[in-house]
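Heads up, the chain below is alone and in the form predicted on its own; it's given as structure tokens.
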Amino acid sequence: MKSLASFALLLWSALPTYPQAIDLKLPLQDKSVRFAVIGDSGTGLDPQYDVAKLMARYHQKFPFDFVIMLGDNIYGGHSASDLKKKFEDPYQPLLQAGVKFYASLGNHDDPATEMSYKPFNMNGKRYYDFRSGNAHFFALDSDYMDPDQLTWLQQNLSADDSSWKLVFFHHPLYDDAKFHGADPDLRSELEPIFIKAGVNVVLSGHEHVYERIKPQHGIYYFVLGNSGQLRAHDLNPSDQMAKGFDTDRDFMLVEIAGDQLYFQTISRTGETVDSDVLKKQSKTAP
């Protein structure tokens, strides 16, 4: 009986401790652009549901309008029941509150299903864009970076005069995770376009960790691929890492107000693992 009680105590102590209060570090300025970020989320397992519940709680205090998804939105099967279990059920409170989700495709996604899945707002396209306030968002398909997509991106970025340009896709151009590592070929294709067009922020998933990279060529890079999946202790920090987290799942809240971008990354247990305010970069000649 003693050993059984000891095992129960050990099991209880290993369970996540959920916050009693919401610790919001964002300013909630009038007419700001507010959104959340998740990546590699669609497992249908308890940790995904834990993150989703916490997102719904934060939404009550920080009413974000939309969520961007950094790929691997649905793992495994893509039947109607899979979509319900791995997306509709966990995020039901947010969907009922009118929060929109904008998905990008990852290597575990089924493009044929997800591009036409209305709640993902892809409208049948592998890559697309949308605007919110003074920010312009570009969703890419990093699984198949063909010439047509690169031409579309270059033309639309160069013609855009939004204050903030944010690009999101699955495979990171920079990261310090050991399992995959950064994609230098993708970086050589995309980064010159980003630099020339004055992209401000790039968000990616794929690595099942969180990492904020120190600005590269003046661009802010984030990796967030642990909203459902986790590869514990996978980070191997280098000089390019500004902040990393690889021991639990998380999500990020973002607020853009004028020339300031505020963010807060929150773990499944409610711990703020990273937060800061980033100033909009000055435009320089390419």
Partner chain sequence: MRAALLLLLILTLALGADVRVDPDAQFVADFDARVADYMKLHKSAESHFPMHPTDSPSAIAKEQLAFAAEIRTARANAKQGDLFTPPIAAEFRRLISIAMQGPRAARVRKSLKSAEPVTIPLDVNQAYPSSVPLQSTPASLLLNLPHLPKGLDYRIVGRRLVLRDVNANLIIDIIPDALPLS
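Residue numbers count along the first chain shown, from 1. This structure is a prediction, so every number in the text was calculated from the model and none was measured.
There is also a form predicted together with the partner chain; it is not shown, and the following applies to it.
- Annotation: in the model of the complex, residues 99, 133 and 271 none come within 4.5 Å of the partner chain through any heavy atom.
- The chain is drawn here without the partner chain; in the model of the complex, the stretch among 195 to 203, 210 to 218, 180 to 188, 156 to 164 whose residues come within 4.5 Å of it by any heavy atom is 180 to 188.
- In the model of the complex, no heavy atom of residue 128 sits within 4.5 Å of the partner chain.
- The partner chain in the model of the complex comes within 4.5 Å of a heavy atom belonging to residue 171.
- By the criterion of a heavy atom within 4.5 Å, residue 94 is excluded from the residues contacting the partner chain in the model of the complex.
- Though the partner is left out of this view, residue 117 does reach within 4.5 Å of the partner chain in the model of the complex, counting heavy atoms only.
- In the model of the complex, the partner chain lies within 4.5 angstroms of at least one heavy atom of each of the following residues of 80 to 95: 80, 83, 88, in sequence order.
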